[in-house]
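The chain below stands alone and is given as structure tokens, in the form predicted alone.
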Amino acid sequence: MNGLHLMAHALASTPVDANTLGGASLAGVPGIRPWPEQRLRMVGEHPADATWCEAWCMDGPLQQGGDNGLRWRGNHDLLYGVIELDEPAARVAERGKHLRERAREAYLRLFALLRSHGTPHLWRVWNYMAGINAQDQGLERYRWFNLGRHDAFSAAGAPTERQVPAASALGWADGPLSIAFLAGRSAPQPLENPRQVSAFHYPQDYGPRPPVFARASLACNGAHELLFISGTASIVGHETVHRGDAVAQCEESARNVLAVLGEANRATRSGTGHRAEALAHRVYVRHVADFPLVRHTLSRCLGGESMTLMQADICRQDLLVEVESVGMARLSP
């Protein structure tokens, strides 16, 4: 295959050659990979999911490096990396401030690496942190994280809607701030959802600084166009809908994924466009007991077979499900 491609939902025992750019796995997968790998401290839907992993693969030779909590692999056009920073032990009243500092530090290191490597454009970012819904000094920890992320983007140059990547932010019970990223020499095309207010323009009800991400992005590499759909949940406008109803939240999340897919197909450079049934999904479910109904509902609404469910805390306490998706289509000649 020409260019970047995703070996999604492969077993950890599946051999992957030296052309692996990087990837992700559930925390139970044994061994340490020679490429940067984000270990998700989560449980999957089935016992066999303990061996689940994803791998982004690339044609041709790759360089790699890393220090001080940051590992990367890439070539002239693309870079994948993972940075993990532990939060220092602190009094409850200081934890939010420390998360803000860690987020700012991580993103500043990330931006410095992208500049030095010549791949300045973020395509996709995956953020995970402990206690995402916990309150510190009256502010949810996710909002402390958003403060630090915004600080770093502002220090690197004032962020605009046209310069932000697709992204997601989820919580786990315990562990470091973990950020994985895919960046390129060429800029992606950010996309928004007509059913939702851009996160960049959220009112201050959702924190002193807005989340810095686009609802999706389109990026080209080799003969293919990649579609990255950010973490997508049961939000219309800027408000959570269907509180307490996991099935209705799945249906609303699916409507939002399909709305973003429609925007992507209006902007695509692919002759075939992106099809819902060809998307690969990671699905984050707040309550393990909801796994069966979430799978059934999302399979009915989105189709396709590439769907992995895992337990995670969503960035709002009243959200029960979040879906993120990846698609790939061949570029027109």
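The first residue of the sequence shown is number 1, and the count goes up from there. Fair warning: this is a prediction, and the values are worked out from it, not measured in the lab.
The same protein has a further form, the form predicted together with 3-(2-carboxyethyl)benzoic acid, not shown here; the description that follows concerns it.
Engineer: Could you tell me if all three of N127, P211 and E322 have a heavy atom no more than 4.5 Å from 3-(2-carboxyethyl)benzoic acid in the predicted bound form?
Structural biologist: Looking in the predicted bound form, the three residues N127, P211 and E322 all sit within 4.5 Å of 3-(2-carboxyethyl)benzoic acid (heavy atoms).
Engineer: Using a 4.5 Å heavy atom cut-off, which of 81-89, 227-235, 180-188, 241-249 contacts 3-(2-carboxyethyl)benzoic acid in the predicted bound form?
Structural biologist: Comparing against 3-(2-carboxyethyl)benzoic acid in the predicted bound form, the contact stretch is 227-235.
Engineer: So which of W172, W72, Y142, F153 reaches within 4.5 angstroms of 3-(2-carboxyethyl)benzoic acid in the predicted bound form, heavy atom to heavy atom?
Structural biologist: Contact check passes for Y142.
Engineer: Quick one: of S217, N221, N193, S168, which gets a non-hydrogen atom within 4.5 angstroms of 3-(2-carboxyethyl)benzoic acid in the predicted bound form?
Structural biologist: So the residue touching 3-(2-carboxyethyl)benzoic acid in the predicted bound form, by this definition, is S168.
Engineer: So in the predicted bound form, does any heavy atom of N146 sit within 4.5 Å of 3-(2-carboxyethyl)benzoic acid?
Structural biologist: Output for N146 is yes: heavy atoms within 4.5 Å of 3-(2-carboxyethyl)benzoic acid.
Engineer: Is A312 one of the residues lying within 4.5 Å of 3-(2-carboxyethyl)benzoic acid in the predicted bound form, judged by heavy atom distances?
Structural biologist: Taking the distances in the predicted bound form, the answer for A312 is no, it never comes within 4.5 Å of 3-(2-carboxyethyl)benzoic acid.
Engineer: Taking heavy atoms and a 4.5 Å cut-off, does Y202 contact 3-(2-carboxyethyl)benzoic acid in the predicted bound form?
Structural biologist: Close contact exists here: in the predicted bound form, Y202 approaches 3-(2-carboxyethyl)benzoic acid to within 4.5 Å, heavy atoms only.
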